[in-house]
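The data below hold one chain only, encoded as structure tokens and taken in the form predicted on its own.
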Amino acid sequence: MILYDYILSASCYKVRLMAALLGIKLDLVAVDFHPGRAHKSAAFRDLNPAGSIPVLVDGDLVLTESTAMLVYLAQIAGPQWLGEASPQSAARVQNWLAFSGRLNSSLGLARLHDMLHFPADITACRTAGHLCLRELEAHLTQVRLEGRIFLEGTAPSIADIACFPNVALAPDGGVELRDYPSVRLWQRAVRSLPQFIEMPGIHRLHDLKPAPHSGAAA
């Protein structure tokens, strides 16, 4: 199974993370996203006409959307990651997968603007990012009151993996997380999962400061 990858991409990282949590080996092919823009080359567009990363290839199957890759990996090696077996749970997981797209187009784009100088209305991106974070904070505060920590159900799901990277990397785009304690506690829960892997800007649990309820940032 081949993943066309860029080490600094949040979308690529979520696929690498999901594979690591499931014990799936990926053969990584580095794409010179910046500054080379190899993802826009004619050769790469033969693989993915949209000219975007990541791309996952498994035999004749070619997937170009990271959320579809999460579903595929979970179907192969961890169906419990798809959420609880009810129509309601399945629908809520899909809702979070769609929400992750909003995170990418707000927090993710702000990060690309600040780190790689991508053109963007940075004020609009950060404003939209905070709106997403407030929505996420309200949900996670409610589930904590119910004795849970993850987005859907009592166990982690692909919903968490889809949303985690752009939230964790939000400070790279000028969006701080100090006002979102439930979000930061959720991040700690994701980072504590067995087989969790890092990427630049996202560290392991033991590298974090004390938990938000102790009055420090995570």
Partner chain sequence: MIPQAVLDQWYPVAMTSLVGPWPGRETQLLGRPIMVFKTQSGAVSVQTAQGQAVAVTLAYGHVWACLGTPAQDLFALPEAAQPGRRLVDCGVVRVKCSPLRAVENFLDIAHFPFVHTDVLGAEPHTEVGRYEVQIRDDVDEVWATKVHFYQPQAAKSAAGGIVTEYMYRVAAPTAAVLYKTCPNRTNEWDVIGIFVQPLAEDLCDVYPYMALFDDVTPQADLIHFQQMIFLQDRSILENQIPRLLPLDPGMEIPTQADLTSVAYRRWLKRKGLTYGAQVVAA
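If you're wondering where the values come from, they're calculated on a predicted model, not measured in any experiment. Positions refer to the first chain, counted from 1.
The next section is about a form of this same protein that is not shown, the form predicted in complex with the partner chain.
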Among L61, A30, L47, A155, just one has a heavy atom within 4.5 Å of the partner chain in the model of the complex, namely A30
#### Entry: 4.5 Å heavy atom contact, G174 to the partner chain in the model of the complex
yes
Check your understanding: So in the model of the complex, does any heavy atom of D114 sit within 4.5 Å of the partner chain?
Key -> yes
Is there a non-hydrogen atom of L8 within 4.5 angstroms of a non-hydrogen atom of the partner chain in the model of the complex?
yes
For this session: Evaluate G23 for contact with the partner chain in the model of the complex, applying a 4.5 angstroms cut-off between non-hydrogen atoms, and reply yes or no.
Result: no
Per contact check vs the partner chain in the model of the complex (non-hydrogen atom within 4.5 angstroms), the hit among 164-172, 147-155, 39-47, 65-73 is 164-172
